[in-house]
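The data below hold one chain only, encoded as structure tokens and taken in the form predicted on its own.
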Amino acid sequence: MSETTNSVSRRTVLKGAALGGVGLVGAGTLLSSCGSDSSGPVTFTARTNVENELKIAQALADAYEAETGIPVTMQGSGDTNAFQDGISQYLQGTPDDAFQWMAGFRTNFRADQGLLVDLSENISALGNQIPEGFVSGATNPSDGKQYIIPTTWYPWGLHYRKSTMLELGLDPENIATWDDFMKLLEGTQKKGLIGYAMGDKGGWEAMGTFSIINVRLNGYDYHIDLLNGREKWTDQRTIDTFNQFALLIPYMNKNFLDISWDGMRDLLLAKKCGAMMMGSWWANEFKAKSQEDYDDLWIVPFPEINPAYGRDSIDAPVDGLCVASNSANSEGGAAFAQWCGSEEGMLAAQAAGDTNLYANTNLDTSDYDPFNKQKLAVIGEAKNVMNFLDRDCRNDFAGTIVGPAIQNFLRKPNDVNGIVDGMQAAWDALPALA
């Protein structure tokens, strides 16, 4: 299945949201899906094991209970990689009613298996609080329904500390070209630090670097076509992407396969690296350490490589809440998920210290701090908005083939031809999707 339709439709609408161009319209009737069965207790899984994020999830549960009188029991997912990899088993067992999840193929694939509740009416009830681009990004192409309520979104970009860039004599708010990037990496390495933090234990983290290099070198259309089988992994353009990626390996920490995304974050938090390529959802941890650390954090688009494409593409995934069809109170879970996507839910998360960008347009972006405004600017610069590699590609290829292939590449960057040969053979052997 191709995610191209969703990705293309999100381009200008999400860019408009980033630039403040989406109109603010009042809410639909809150909790319109509620019936007598929705008044029972709700269980909720937060897709995190990070203390600060668990506090935000608990604040959502508490605020919903305070407003509706309906108790919500929240629990963390434990290890996020294990939860994500085992989501189908989780949903086929005794899942909580609502759980935090990711829009794109990761949702649509489970919806097609009958594991998720149709939330189309809940999204309709929120009215124009949820912009068209987010609704499109949450729509399953196979049936035109929505199975996830968008709550937050974030750019993938190059993150660093502005103070480090000043020490290196670089513009602390603009690392725009490959030359700038190399000066950053070389300068931090000369200081005895890691230039480019990498943690790929989960098998998905390095996909962000591959994705952005591919669109910088070869353009958005080629990247999306590659992920959906319309281009070959053995194409020289794909090989060029891997070879460009290989230029970064000498600047990485040697234990890149022993740490995950949070290990990368911790290297930046501890001022042990120059930069990292990651989504911005983890910025709460900088703020939790100190306001000074948070104020020092910055994000820019990954630098230009091919002038023909500049910095015209970005991964800006949408996260939200899904409801398990096999849960004890799916109707109550749907009502809770709808509330979390509403203005009330977003304000509750914001009051608890969440620094994410919100999908709900009733929240005033003029109140955003400089880092969040910069995140919007980074998204707004791009004309092509992607979900992320493992959401723009079928699950049985992204997770089982691409992830391990990139790990193998990081270990053996001189074996690119063998790696892409294996990837293409694996794609060719995939069964057709129903």
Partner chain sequence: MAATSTGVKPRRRRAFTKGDRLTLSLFVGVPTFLHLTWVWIPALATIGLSFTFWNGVQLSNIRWAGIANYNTIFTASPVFWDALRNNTYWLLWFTCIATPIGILLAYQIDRRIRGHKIYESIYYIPVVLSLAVIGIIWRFMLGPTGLVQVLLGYPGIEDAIPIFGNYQINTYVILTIASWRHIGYIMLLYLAGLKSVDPSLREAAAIDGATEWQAFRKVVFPSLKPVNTIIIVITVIESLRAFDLIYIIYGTSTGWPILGMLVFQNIYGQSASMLGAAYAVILLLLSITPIIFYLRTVFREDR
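Residue numbers count along the first chain shown, from 1. What you are looking at is a predicted structure, and each value in this text was computed from that prediction instead of being measured.
This protein has a second form, the form predicted together with the partner chain, left out of what is shown; the following refers to that one.
- Picking from 113 to 121, 225 to 233, 166 to 174, 337 to 345 the stretch near the partner chain in the model of the complex, with a 4.5 Å limit on heavy atoms, gives 113 to 121.
- Contact check at 4.5 Å (heavy atoms) against the partner chain in the model of the complex: none of T107, A316 and N329 pass.
- A single residue from the set T73, Q89, Q291, S142 has any heavy atom within 4.5 angstroms of the partner chain in the model of the complex; that residue is Q89.
- By the criterion of a heavy atom within 4.5 Å, G263 is counted among the residues contacting the partner chain in the model of the complex.
- Although the partner is absent here, K190 is not a contact residue: none of its heavy atoms lies within 4.5 angstroms of the partner chain in the model of the complex.
- Although the partner is absent here, K201 is a contact residue: one of its heavy atoms lies within 4.5 angstroms of the partner chain in the model of the complex.
- Using a 4.5 angstroms limit between non-hydrogen atoms, A308 is distant from the partner chain in the model of the complex.
- Contact residues in stretch 404 to 428 (any heavy atom within 4.5 Å of the partner chain, taken in the model of the complex) are P404, Q407, R411, A425, A426.
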